[in-house]
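Next come structure tokens for two forms of one protein chain, structure 1 first, structure 2 second.
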Structure 1
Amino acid sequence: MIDSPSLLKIEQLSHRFGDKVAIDRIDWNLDQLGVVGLVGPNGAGKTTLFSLIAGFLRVQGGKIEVLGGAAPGSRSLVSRVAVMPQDAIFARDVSIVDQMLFLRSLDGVTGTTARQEVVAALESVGLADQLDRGAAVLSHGMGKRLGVAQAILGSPELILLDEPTAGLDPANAKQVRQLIRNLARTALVIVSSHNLLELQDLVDEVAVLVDGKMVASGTIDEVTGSARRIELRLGREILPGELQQILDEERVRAVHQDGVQLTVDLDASAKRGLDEALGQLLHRLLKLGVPPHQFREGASLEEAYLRLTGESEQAAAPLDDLAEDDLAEDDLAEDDLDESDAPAAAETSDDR
């Protein structure tokens, strides 16, 4: 991440739709370029937060300062903030290229330069062969890519992408992820997504919204509490006694077995924490005579997300059962992350 003065500063932001509280006293400070993920269950307030930052919705309570202190939607932010809204549609009666050229002309760029930029943007999302088509013929995924293309036109300093890879095939999703990484060299890119495995690899920081509250924010390690999930495929099923031995290892937080599949949550905190934790785990497995046939990093962020959003009880009950004792002693237990107790991760983030 590259240092830059106050790219986005949110203080005590609240927003209501009638009686429903969509955003509840959020504080968030981002002052470094890079990719920031925004996650949360449906209806958590992600799109509302994006709309408030973009200036689509009027701020009802609290304060937002964008790119050095400007209020959302103010004249000084024109063409410096780009947004890929989740539910907006392009005009069906005008060709894609003409709509993009119009958007670019609003930035003050016209003629051959604008056309080259538009074609380049559409090429970067794999839509170069659809230039003269109307938006009506685009599939859902193509529409998403078009939304991304318009957001990367020009050189915006803050880019808000609301579920940019939802509905994309793996190849296009990978292309868009690469694009986001490239954009992050010169801009702060905030991405909302439900694909946590994808976000884990993509983002530098992450924030978790639940019921309008920001329950955690910071780097992946800060949010996951330095927990790393490892997925292993073993040569045979391990016995209950052997499972307990694994769980007894100092840096093993939780273990879940499904046949020959073993999911282990490791405590990767402290210096060389992951190396030590992996060493302990592999040592124990070799000692038990069950060397792993397959080994990969699992969705640590997903585990943290489920825990933070309170969805873990439905989604991963067996895991919780096995890890109960360990988690009771853990600093990152769910209670600690409740907003009333001021989460450690969020505090770290706010201090950045």
Structure 2
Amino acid sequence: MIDSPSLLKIEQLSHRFGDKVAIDRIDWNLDQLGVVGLVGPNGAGKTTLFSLIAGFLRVQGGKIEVLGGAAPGSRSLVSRVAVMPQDAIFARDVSIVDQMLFLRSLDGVTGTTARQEVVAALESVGLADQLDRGAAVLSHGMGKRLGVAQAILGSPELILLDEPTAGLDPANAKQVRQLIRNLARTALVIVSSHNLLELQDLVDEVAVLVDGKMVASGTIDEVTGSARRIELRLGREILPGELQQILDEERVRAVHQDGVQLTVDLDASAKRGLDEALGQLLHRLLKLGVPPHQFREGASLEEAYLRLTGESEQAAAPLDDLAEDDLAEDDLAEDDLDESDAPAAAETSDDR
């Protein structure tokens, strides 16, 4: 990550909807470009936090400083802050290019410059051939990519993406992930997602929200602590007695077997960390005559998430396989918002 001062500074931020505490005295400081993940259970406060940072909701308690000290929603942040809601909605019968050009006009950019920016954004998400079509013809995945394209118009410096790859096929999801990595060279990109395995390979830092509180933040290593999850494919199934021998290894915390697939949670807190824990595991497997055909680090972030949120692995559904309906607005319905919370549309064009 590249050093850059005061990209986002949050101090003792609190927000309520009636008696419901949505954000509870959060402190969060991000002063480097890169990709930051924001995770938490449904209703944890992720979308509310995004709305506060973007200026869609007025700050009730505490303080937010954006890109060098500006308040959320300030005129100085026009074109510099961009948001992609989880379910961005576009006009069905207006051409995509006209909608995107309209969004640029809200930021005061028109003519050739605006069109060049629109074409570049659509090319980056593989939609350049859809310029003159209306959103009605787009599949869910294409609509999701259009949402990403509108969020990156004008080379913003702070980009908030809510579930940017939800519902995308593997090829398109990979394309969007690469786009996010490219954006992070010149911007701070905050990604809210339930796909923890994807985030683990994408983000530089991660923050975990639970019941409106930020219970952990930092690099993946800092948040996962000493816990490491390793996924292996073996040549045969492990017998019960052999499984116990693996569990008896000093650095093995837990083992789950599914046919020839073995998932092992390791304690990497020793002096040599993961190397020592992996060495013990592989040595045991070799002694048992079952060398792994494949192995990789699995969802260590997921294991830390379950620990930090208090959810058991048995009770929680696989976080990257949740039905899309379960990933709808994860905080509070807009109907619950008091009109006084939201700034008028004319106050800022960042609410696109």
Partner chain sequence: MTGRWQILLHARNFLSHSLRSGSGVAFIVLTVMVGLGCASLVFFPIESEIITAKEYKENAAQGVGTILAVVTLQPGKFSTLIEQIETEELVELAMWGRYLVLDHPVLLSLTVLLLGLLLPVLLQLGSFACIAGDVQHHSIRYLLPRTTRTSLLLGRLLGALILSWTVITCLQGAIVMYLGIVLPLDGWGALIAWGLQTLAALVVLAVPYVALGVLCSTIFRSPMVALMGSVGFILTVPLIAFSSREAWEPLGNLLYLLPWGYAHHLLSPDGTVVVKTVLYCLGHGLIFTVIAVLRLRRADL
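Superpose the two forms; the largest set of C-alphas matching within 1.5 Å is the rigid core. Just so we're clear, the structure is a prediction, and the values are computed from it rather than from any experiment. FYI, numbering is relative to structure 1, first residue = 1.
Form assignment for the chain places structure 2 as the one matching the criterion, namely the form predicted alone. With the core superposed, residue 159 shows a C-alpha displacement below 2 Å between structures 1 and 2.
Relative to the superposed core, residue 63 undergoes a Cα shift smaller than 2 Å between structures 1 and 2. A displacement of less than 2 angstroms separates the C-alpha positions of residue 82 between structures 1 and 2, with the rigid core held in common.
Taking the rigid core as reference, the CA displacement of residue 258 between structures 1 and 2 comes to 4.5 Å.
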